[in-house]
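Next up: a single chain in structure tokens, the form predicted on its own.
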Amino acid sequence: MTRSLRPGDPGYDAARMVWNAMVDRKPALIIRCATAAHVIEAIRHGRDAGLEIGVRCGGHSVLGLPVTDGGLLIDLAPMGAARVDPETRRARVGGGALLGALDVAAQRYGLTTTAGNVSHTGVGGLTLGGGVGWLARAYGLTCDNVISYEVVTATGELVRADRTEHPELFWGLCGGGGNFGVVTEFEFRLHPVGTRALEVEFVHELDDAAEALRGWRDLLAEAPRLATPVARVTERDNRPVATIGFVWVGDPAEGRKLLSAYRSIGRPVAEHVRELSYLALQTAGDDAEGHAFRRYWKGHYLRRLTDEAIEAFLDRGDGTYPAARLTLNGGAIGDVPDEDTAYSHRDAQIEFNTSAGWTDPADDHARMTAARKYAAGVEPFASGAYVNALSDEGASGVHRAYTPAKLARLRELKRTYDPDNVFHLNENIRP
């Protein structure tokens, strides 16, 4: 067995820390696994000892779900390598790798695949929930680009899951979360995207923002797949503003062809157009999304962005509502037949997410309450939720993340691969 840590050991506190600083749980044992054999041994040890088992990759679960008080935390961080074959355009990525490792390895050859927007996010959690990012409209979700999974099951068996071997397990791992086993290696399909990107943002006063958002909405149907249109509500210079724009991956000159259409919308008070490398784009949010903050978020999918939904998005309540973002889906996401993966809501047009970060524990209640109220105002226009954007909704959130038919299929899959619900410290699908 690889290195084990117990309370009081050097490195124990660092190993149990996760992205959300609100989480302060203390496992009885942390096992840091460097190989699939270590994971097998850890699962068997945990089950024999009667310990609750959690599995950590990047630690970005907003509730810190894998960290169990008094149980066993299987830490995959030592399995953090990403190996790229530029000839076959394939990547093999360890179960504990972070997105930055995949991006850096693939970008040496001008390749990559869909990944999230913060480089210290875990590949595992992102992919198993579906996986969205700046390339999803062009190349599909992260899970759509998985060729195979190497998985340790709840009984300690190592299996390969792809479209021919364990195909039902493969289907469930494409969006069903960490319910069915511990993925120790992912094999990804890569795409020749180059190394450049473009960020475009037009800033609007909040009073003028409804007109701007309606104009932004009217452009969405014609958006090229390499563009991901984005709208935000945030604070600049201690006042609320709204922004509209897009992120383009590829030749910035091609992306600049969209500028005139965006400049014609409303009355922007500022314009920001920035060319940067793809790696810089993928790390641009790393500091703001760092590990020092207390965290809470809420999310919805919307099939249509109506005028009423725009008004709800722009509503700042009593002035305490957190920042929020609308991101266009569609494109290659919708090309995949809905029944091909556990991931649901391929027909959603827009993803809404509101996220708060703060440092003072005395602000916990107020910050979380404001985010809940804000999300509740948008919910009447929602069609469901992204499983990776759930927070404290519990079973009701799982029901929003999957269609009834898919949830029934996932429960049957859970009954096959984890009937004792060993892997339940997640957005849990009970057998």
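Counting begins at 1, following the sequence as shown. Since we're looking at a predicted model, the values are computed, not measured.
Below: the form predicted in complex with a small molecule, not depicted.
This chain is displayed without the small molecule, yet in the predicted bound form the stretch 126 to 134 from 244 to 252, 126 to 134, 316 to 324, 196 to 204 comes within 4.5 Å of it by heavy atoms. The small molecule is not drawn, but in the predicted bound form it has a heavy atom within 4.5 Å of Gly95. Contact check for Trp19: a non-hydrogen atom falls within 4.5 Å of the small molecule in the predicted bound form. Put simply, Leu5 is far from the small molecule in the predicted bound form: not one heavy atom of it is within 4.5 Å. With a 4.5 Å cutoff on heavy atoms, Ser61 counts as touching the small molecule in the predicted bound form. Of the residues given (Ala342, Ala231, Val182, Leu102), Val182 alone sits with a heavy atom within 4.5 Å of the small molecule in the predicted bound form. For the residues Tyr278, Trp171, Trp297, Trp358, the 4.5 Å heavy atom test against the small molecule in the predicted bound form is passed only by Trp297.
The candidate site formed by Thr113, Val146 and Val336 is entirely out of contact with the small molecule in the predicted bound form, as no residue has a non-hydrogen atom within 4.5 angstroms of it.
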